[in-house]
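One chain is shown next in structure tokens, namely the form predicted alone.
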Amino acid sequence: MSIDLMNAFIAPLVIMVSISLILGLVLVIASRFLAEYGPCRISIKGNKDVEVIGGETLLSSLFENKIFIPSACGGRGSCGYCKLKVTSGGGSVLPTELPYLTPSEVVDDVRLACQLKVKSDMEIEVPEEYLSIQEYRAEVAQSISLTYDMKELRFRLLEPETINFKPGQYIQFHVPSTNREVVYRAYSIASLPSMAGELELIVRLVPGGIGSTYIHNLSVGDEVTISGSCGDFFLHERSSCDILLIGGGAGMAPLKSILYSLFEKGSDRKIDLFFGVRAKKDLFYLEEFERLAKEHPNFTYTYALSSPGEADDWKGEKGFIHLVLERHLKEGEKREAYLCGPPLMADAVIKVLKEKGVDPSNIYYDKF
């Protein structure tokens, strides 16, 4: 190919790349300096008006005014929990909201607060239970390593000194941030509601995770800020069915709270715990559950390793937890199931439960 011919191809390419870079730079500058909407008023039906500086998400704007809308993903747009009705000032529904909204919700002006930016005055509706969520100061009372990447932490509440929650619910952990955007992450409560002055969390260290890295580096005596309690995953006591607790990884926390609450109440319902981890190094609470099984004849537990190593010498169940459950669960048994874990695990477990005849109205889950 001649030099002239090469230039004929390269020159337009260079021009196109240059134009793209310039346009990208212009958009960044515009977003940084021009997307200032000034003071905006958010009117909350039946409650109060708050004034915010436009440009942030509705979720963050409310959070900064101590109105804590539950969001299991911390406002990253992946859980769909932070739904609010926006009756005016919201504009058109965004493509990032549509996967989490039903057609009827779109018609009814329901929006995802973490995706919707405040650009003008708004009128919204906030459920009463959200308005009762409080902010708490607490201090680290204890930090124990359960595995190489899992910690159990106990926090003593300072102000207010007690919190009300149901077994299975979660709190939102406030993570210090250098910018205006509020950073927080959701963590399920592992302790008992009767221990109202303390909270126990089980936190797995996620590589690069803002929340888990911060929490794993806390020391006894450090002060933190949380808000809660949140969530519609909790122990229901409307039936006398035997109970299934199914989880994986960091999903132990709410199951532990539910389990100990049942023991505390003296429940005689049969309780079977199924829990999945990857390898033997990921196991924790083995000795504790062995002790509980001896003290409570109505309780059994089954751990399963999905990817045991050659050196693990594991003689227990192997495979994904939904397959282990499928082997153990008899068809047609009346059960009340609580499951907590990654979406793929939860979906697979729900499928098995339904195939075994468990009433869908008795299946409660928390996907993370």
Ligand SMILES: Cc1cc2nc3c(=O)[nH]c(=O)nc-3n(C[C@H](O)[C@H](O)[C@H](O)COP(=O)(O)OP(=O)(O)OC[C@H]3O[C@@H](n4cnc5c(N)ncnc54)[C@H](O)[C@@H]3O)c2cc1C
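So that there is no doubt, residue numbering starts at 1 and follows the sequence shown. Values in this document were obtained by computation on a predicted structure and should not be read as measured data.
Omitted from view is the form predicted together with the named molecule, to which the following refers.
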property: Among 217 to 225, 257 to 265, 197 to 205, 127 to 135, the region lying within 4.5 Å of the named molecule in the predicted bound form by heavy atom distance; result: 197 to 205
property: In the predicted bound form, the residue from 153, 250, 163, 277 that sits within 4.5 Å of the named molecule by heavy atoms; result: 250
property: Candidate from 86, 186, 118, 273 lying within 4.5 Å of the named molecule in the predicted bound form - any heavy atom; result: 186
property: Distance check, residue 234 to the named molecule in the predicted bound form, heavy atom within 4.5 Å; result: no
property: Non-hydrogen atom contact residue 229 with the named molecule in the predicted bound form at 4.5 angstroms; result: no
property: The named molecule contact at residue 368 in the predicted bound form, heavy atom, 4.5 Å; result: yes
property: Distance check, residue 122 to the named molecule in the predicted bound form, heavy atom within 4.5 Å; result: no
property: Residues of stretch 279 to 309 in contact with the named molecule in the predicted bound form (4.5 Å, non-hydrogen atom); result: none
